[in-house]
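Before any questions on how it binds or moves, here is one chain, the form predicted alone, in structure tokens.
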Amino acid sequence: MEEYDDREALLPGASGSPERPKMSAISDPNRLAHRIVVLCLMCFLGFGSYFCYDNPAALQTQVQLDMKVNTASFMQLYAFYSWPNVILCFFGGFLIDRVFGIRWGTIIFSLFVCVGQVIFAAGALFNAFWLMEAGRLVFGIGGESLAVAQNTYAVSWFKGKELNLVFGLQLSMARVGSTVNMNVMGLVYSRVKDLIGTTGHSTLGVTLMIGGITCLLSLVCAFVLGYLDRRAEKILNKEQGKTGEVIKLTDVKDFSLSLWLIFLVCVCYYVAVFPFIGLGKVFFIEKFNFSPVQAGAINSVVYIISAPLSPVFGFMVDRIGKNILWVMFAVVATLGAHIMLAFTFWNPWIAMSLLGVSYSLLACALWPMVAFVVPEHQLGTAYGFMQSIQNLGLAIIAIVSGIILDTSGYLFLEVFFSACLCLAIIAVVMLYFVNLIRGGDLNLSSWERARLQKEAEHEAQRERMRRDSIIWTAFAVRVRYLSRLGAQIPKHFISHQLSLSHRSVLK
């Protein structure tokens, strides 16, 4: 009894134990003001990565002229970013959970981003394009895994509170980073050129080094977040965040046809968006006679629209359902945008605005569908495989796009992107009929899904009642058998039998 009292006295808030000192709202991990500070750090954690990812697109003309490379070589800068993520998509969550931990994992991946950007800029300074490619490879190792760490922090701090809003704000900040890059890097290059007095690889290298300052900002956020998370762990006795991803490659053999069709839609759609943005600035300059500043602005329209619309579309799809129809609308609208850009001279703001809307809608409708066709224990493998295939497709199509542009021009490149989107439409139609034939819930409305969920809960409750009934029956038969043999039945056997009977009646 004394030992129990001693243990109780050590509990927080118990009499005789030192109480936690009162803290201001901004320093108390339990208070909203402190979580807002953490949220700001989380948002800026990925800002540098997204800002520098599209540095090549914002400076396409300058890179090709200063480094004296053709478009196929230029697109290698995007391919080298994607190659490591073909594999790392499976192991990023494992490294964070089991090897580094969320705090050190975030710092390490932020360092990869910083070092990669420095090597990328150094390659331009020393006029070594192969070094620029190596920098993009190192940058890619940290970029995607840093996004996993960012989401893990969000779940650790905001699960059960404002998590959906937090994910929406993080996505919006990522789009802001891409937008600022498209509209600022060209101006930075011009200012550096004025200071140096000439163009060339040195001007490009200095410009990229200046862009790398955003990566340093993200690294500082990683250190501060690690400190605040460690402090909250001590104050609140909370555990470090976990990604929750369990990757088992053997699960691939159990993937359904519906899931493979979702993978196909993902690859065929995104290869018609990201490589186009990577090459879009020169396209708008050559076809529509835009100035570099105007071309950079219109090339960033997709990201500008995605920033505010992604949370709105996510809420809308959650409320309405019908995911397959939304995906079909998004793919067809994107195809229409590419056709307008390829075969008309209409104001490109129309096509790019349509592309921005459809891109935002597809992301909100396509990625959640994986959870509808895969058991919970296979979700980590499914999403890892989806990201792996997406990065493999982006790496290959980036190279193919550059070759097509060098040999045939932008018209044939747009026809190629349109063909990829037609393949995506075929995959969506097949997905619709496969889902219809197999009675899947990919295209159900939200209220139909809610009804099915309630029915599943009732069925699970009936299954628990049936299982308890079987346990009680088996126990009663055993007691009756022992009684007939003349065995002495302990009293707690009888009380246990009565409690089982009472519990089965309550259920």
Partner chain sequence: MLSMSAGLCVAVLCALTAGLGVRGEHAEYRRRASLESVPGEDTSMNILHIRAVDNSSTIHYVWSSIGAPAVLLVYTSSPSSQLNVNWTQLTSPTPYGAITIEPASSVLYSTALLFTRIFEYQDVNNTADFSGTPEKYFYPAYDLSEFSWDDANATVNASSLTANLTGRAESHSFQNGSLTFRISAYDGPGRDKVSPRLLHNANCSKFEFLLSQVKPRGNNSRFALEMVTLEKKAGRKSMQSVRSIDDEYTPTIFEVAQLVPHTPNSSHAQGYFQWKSVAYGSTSGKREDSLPCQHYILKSLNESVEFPSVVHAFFGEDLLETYNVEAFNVSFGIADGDFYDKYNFMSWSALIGYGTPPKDSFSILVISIMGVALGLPVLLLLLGAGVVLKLKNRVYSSYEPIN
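Positions refer to the first chain, counted from 1. This one's a predicted model, so the numbers in the text were calculated from it and none came from an experiment.
Heads up, the form predicted in complex with its partner chain isn't pictured, but that's what we're talking about next.
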Verify the contact flag for residue 227: yes if a non-hydrogen atom of it lies within 4.5 Å of a non-hydrogen atom of its partner chain in the predicted complex, no if not.
-> no
Just to confirm, residue 287 within 4.5 Å of its partner chain in the predicted complex by heavy atoms?
-> yes
If you check in the predicted complex, is residue 283 within 4.5 Å of its partner chain, heavy atoms only?
-> yes
Examine residue 335 and determine whether its closest non-hydrogen atom to its partner chain in the predicted complex is within 4.5 angstroms.
-> yes
In the predicted complex, the residue from 329, 126, 100, 410 that sits within 4.5 Å of its partner chain by heavy atoms | 410
From the list 235, 422, 389, 188, which entry has a heavy atom within 4.5 Å of its partner chain in the predicted complex?
-> 422
With the partner absent here, would 86, 137 and 174 each sit within 4.5 Å of its partner chain in the predicted complex, counting heavy atoms only?
-> no
Want to guess which of 77-85, 371-379, 429-437, 348-356 is within 4.5 Å of its partner chain in the predicted complex, heavy atoms only?
-> 429-437
Those residues of 329-348 with a non-hydrogen atom no more than 4.5 Å from its partner chain in the predicted complex are 335, 339, 342, 343, 344, 345
